[in-house]
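Encoded as structure tokens, the following chain is the form predicted on its own, with no partner shown.
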């Protein structure tokens, strides 16, 4: 991949649902190889931003480019990890089947037979996420941490260049969250990662840059922003807590980038 081409480029993008705007006039370039955290209040447009990147939501105005092309053209190069809590785990399907489905790439399951390459990639992803021993287990029998790893394995099975994650540690304890972040940090050596998060641990220790979204893009840069900007973004003071201990993550400094 040409590192001169941004992994994600949004120019003057506005989007929403019916007549309700969720994002307005977003200009954002995310460099290839970066690990970017998307932060902002609930309802501020973070998940909508991911949908626009995935090509699942057409912007009202503006241009979206993923790896230099229209999102629809490069969707096969993008892995997506949705919020785990939003997926019904009562469906009777095994871990291996969940990850294997990623190899269909738009094909109808009834007409597709998995190739040796498909099976090898599925085993590789299950092994890399340390869930190969759970391959035949029903997904409803997994812990939250195990299920999150399965979702990441499924996203990796498409062999992505860009990985998008929506709150990947929601519902996980501090230890499980740290394990997920360390895994993402390792994956970032090979692929670009964009992650929506509320977790200040991720901001302080793992991401390389952050984008602050509340309908508008308020900031994009290093994870060191002023308390005034946090007030503007969230509309109220935000206590920054990591592992239950007060922790200065976003230091005060003069001026905005």
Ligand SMILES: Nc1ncnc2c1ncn2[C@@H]1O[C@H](COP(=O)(O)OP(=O)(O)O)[C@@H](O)[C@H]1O
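Note that the coordinates shown come from a computational prediction; the quantities given were computed from them, not determined experimentally. Residue numbers count along the first chain shown, from 1.
Omitted here: the form predicted in complex with the ligand. The next part is about that form.
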Checklist entry - If we take heavy atoms and a 4.5 Å cut-off, which stretch out of 187-195, 203-211, 63-71, 46-54 is in contact with the ligand in the predicted bound form? => result 46-54
Next on the checklist: My question is simply whether residue 221 lines the interface with the ligand in the predicted bound form - judged by any non-hydrogen atom within 4.5 Å.
Outcome noted: no
Next on the checklist: Within 4.5 Å, heavy atoms only: does residue 22 come near the ligand in the predicted bound form?
Outcome noted: yes
Next on the checklist: Is residue 33 part of the interface with the ligand in the predicted bound form - any heavy atom within 4.5 Å?
Outcome noted: no
Next on the checklist: Given a 4.5 Å distance limit between heavy atoms, list every residue of 28-42 close to the ligand in the predicted bound form, or none if there are none.
Outcome noted: 41, 42
